[in-house]
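In the block that follows, a single chain appears as structure tokens, in the form predicted alone.
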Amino acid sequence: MLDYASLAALAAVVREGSFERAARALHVTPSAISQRVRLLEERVGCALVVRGQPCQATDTGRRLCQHVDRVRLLEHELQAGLPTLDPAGEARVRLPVAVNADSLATWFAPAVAAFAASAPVLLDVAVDDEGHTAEWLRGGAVLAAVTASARAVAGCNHRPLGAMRYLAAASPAFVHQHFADGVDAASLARAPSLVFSPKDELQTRWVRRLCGQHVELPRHTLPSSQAFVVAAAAGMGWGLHPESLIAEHLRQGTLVALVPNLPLDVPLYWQHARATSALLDGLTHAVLAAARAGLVPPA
């Protein structure tokens, strides 16, 4: 059997990023946290934490952290039927979730905010490219994720959400300067583009769809959905923006579409661990309802 005090110490180190902050969160000494993690590592026979700034879990450590999160969900279900198990009142349960930045900036945040305002949870939201959030589930770092993967992660339920519609847009002055003779492979190879991170392939995918070939794009990197819009309106570059995020800019003319009627729709899916949990079910209901209102309906 695993020692749950040691598992709680491990989860706190990974969540807080250091042994000292984990000790404060659990109201014990740093040496007690260190000893618990060391005993757990001896028990399972491998390293669970990569010591650093911040501390990070190994693959096995992430799986054990996910196990702790699932156990806490089960305990919450038990306490709902046996309130004397928790005489201090209903404790909040940590719910780690991964989502792409554009969903977080548009339809996702209001949904989870409303859910968390009425449910005994502490949401821990991680942001990554929609093509990589499924890896957070596979590695055990989260219990649920918005992903672009049409295949279910092992041990997870999988629901289509709809599609995020993107439009390639830039400021009118930028379009006049860089695309006066049209948007083609030659002009795109010269005009600065905007990308969220090295993982961001949206611009490349849209260009391939338009030109029928790969074009090496000069790029600025801006890891913020809102900064994308501000930078594009200021003439820094062109990029793929969620339609809902730039609708007002398009109406006011501060941004214009590079090519009319050529959106890029990215299907999104909701995946979550198969666990009997009213909290996960409630979060899923909130996410599905928000997706129906904020995304292009699934095909």
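Every value quoted in this text rests on a predicted model; they were computed, and no experiment measured them. Residue numbers run from 1 along the displayed sequence.
Omitted here: the form predicted together with another copy of the chain. The next part is about that form.
**Student:** Among 68-76, 154-162, 123-131, 179-187, which stretch has residues whose heavy atoms lie within 4.5 Å of another copy of the chain in the predicted bound form?
**Tutor:** Selected stretch: 123-131.
**Student:** Can you work out whether another copy of the chain is within 4.5 angstroms of a heavy atom in all three of P110, P192 and A231 in the predicted bound form?
**Tutor:** Contact check passed for all of P110, P192 and A231.
**Student:** Heavy atom to heavy atom, is G235 within 4.5 Å of another copy of the chain in the predicted bound form?
**Tutor:** Yes.
**Student:** If we define contact as a non-hydrogen atom of the residue within 4.5 angstroms of the partner, is R92 a contact of another copy of the chain in the predicted bound form?
**Tutor:** Yes, R92 is a contact residue.
**Student:** So, in the predicted bound form, is H285 in contact with another copy of the chain at a 4.5 angstroms heavy atom limit?
**Tutor:** Heavy-atom contact with another copy of the chain at 4.5 Å: absent for H285.
**Student:** Determine whether any heavy atom of Q213 comes within 4.5 Å of a heavy atom of another copy of the chain in the predicted bound form, and answer yes or no.
**Tutor:** Output for Q213 is no: heavy atoms all beyond 4.5 Å of another copy of the chain.
**Student:** Heavy atom within 4.5 Å of another copy of the chain in the predicted bound form: which residues of 215-234 meet that condition, in order?
**Tutor:** Counting only heavy atoms within 4.5 Å of another copy of the chain in the predicted bound form, the contacting residues of 215-234 are E216, P218, R219, H220, T221, L222, P223, S224, Q226, A227, V230, A231, A234.
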